[in-house]
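As a starting point, one isolated chain is supplied in structure tokens, in the form predicted on its own.
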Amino acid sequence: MQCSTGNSQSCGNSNSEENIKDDEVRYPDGSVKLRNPNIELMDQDILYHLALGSGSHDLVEMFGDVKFVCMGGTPKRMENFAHFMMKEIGHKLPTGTQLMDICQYSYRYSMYKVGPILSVSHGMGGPSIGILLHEIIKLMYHAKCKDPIFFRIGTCGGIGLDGGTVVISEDAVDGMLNRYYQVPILGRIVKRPTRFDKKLIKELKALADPEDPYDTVTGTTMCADDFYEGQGRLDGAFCDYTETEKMQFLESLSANGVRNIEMEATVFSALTNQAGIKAADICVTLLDRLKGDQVMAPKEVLNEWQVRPQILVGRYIKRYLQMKGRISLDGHGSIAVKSPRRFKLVQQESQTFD
């Protein structure tokens, strides 16, 4: 089978120009509607990599109030973000309790719930965040969540930007500067457009404080499938190009409006767009790739930089809750089991996906 990989054609069904209608992705009350009729026919939908199931857990009770899903690469970062948001919105835990990793039996991802906020790790790269997004979107459906907003908070390499700069992605391209996420499905190449919510981007940019000791910018993000060669680094195990060729490539990215490079933006933007979910990708640069390949900033500086995207997302969430009159929230995301037998089955099934 031969498939075109050009910018305008694909083999089989290409969704690159698809316009998604509201009634395809949400019910009249705003709750998430899946674009997969098979799920409604299943006796139980097991979210293997989250160690949750629609038959084993009361997902409406556990997650029905979720408005914001915030995701980042590492479990520790997202645990820290959960604690940060607890302080920001005045969320209090019952005496003698602590935040619980809801996905502790999956051994894949970590998830914490702080009122209407889910803080979940997505691992590294497109395949990892893609698996998570499929299951998180299904979780929103089973929990009957209304108009959720997704944020990705992470780190990146800047293109002509100093380390510590916050970048809000306006657009996402792959390593060939294609504005779609390409995936082989049943032997056919399917292209899904990489779109972020423009209104959400403007609202986030407006929340950047002029007194912040760093810049907050918007621009195109390049998503690479690899940390080393895919990003033009010279320090991988292999390198079949010169430093001059590397610099020509990076400078061409800059000329095309690319402000940063990371490894999840195309998948994140394409799948949230496919689901009709508002989303934004906010990263902090750890270095300017025009000046080198290796991160040289001290650990304490890097730790401070990594909080900067969290601060911006925190401002948005806090402002939203204040406008809705919801700022002081109790509860700590406990497990609500519907069927002990199925609960045990879900744990066992999740642990087999090593």
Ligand SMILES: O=P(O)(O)O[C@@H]1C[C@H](O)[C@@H](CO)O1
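The first residue of the sequence shown is number 1, and the count goes up from there. A quick note: this is a predicted structure, and the numbers were derived from the prediction, not measured.
One more form of this protein should be noted, the form predicted in complex with the ligand, which is absent from this view; the next part is about it.
Between the options 164, 232, 148, 154, the residue in contact with the ligand in the predicted complex by a heavy atom within 4.5 angstroms is 154.
Contact with the ligand in the predicted complex, judged by any heavy atom within 4.5 Å, is made by just one of 214, 227, 249, 105: 227. Residue heavy atoms within 4.5 Å of the ligand in the predicted complex occur in exactly one stretch of 24-32, 311-319, 37-45, 65-73, and that stretch is 65-73.
Among heavy atoms of residue 189, none comes within 4.5 Å of the ligand in the predicted complex. At least one heavy atom of residue 77 is located within 4.5 Å of the ligand in the predicted complex. Contact check for residue 271: no non-hydrogen atom falls within 4.5 Å of the ligand in the predicted complex. By the criterion of a heavy atom within 4.5 Å, residue 259 is excluded from the residues contacting the ligand in the predicted complex.
Of all the residues from 111-147, those having a non-hydrogen atom no more than 4.5 Å from the ligand in the predicted complex are 122, 123, 124, 125.
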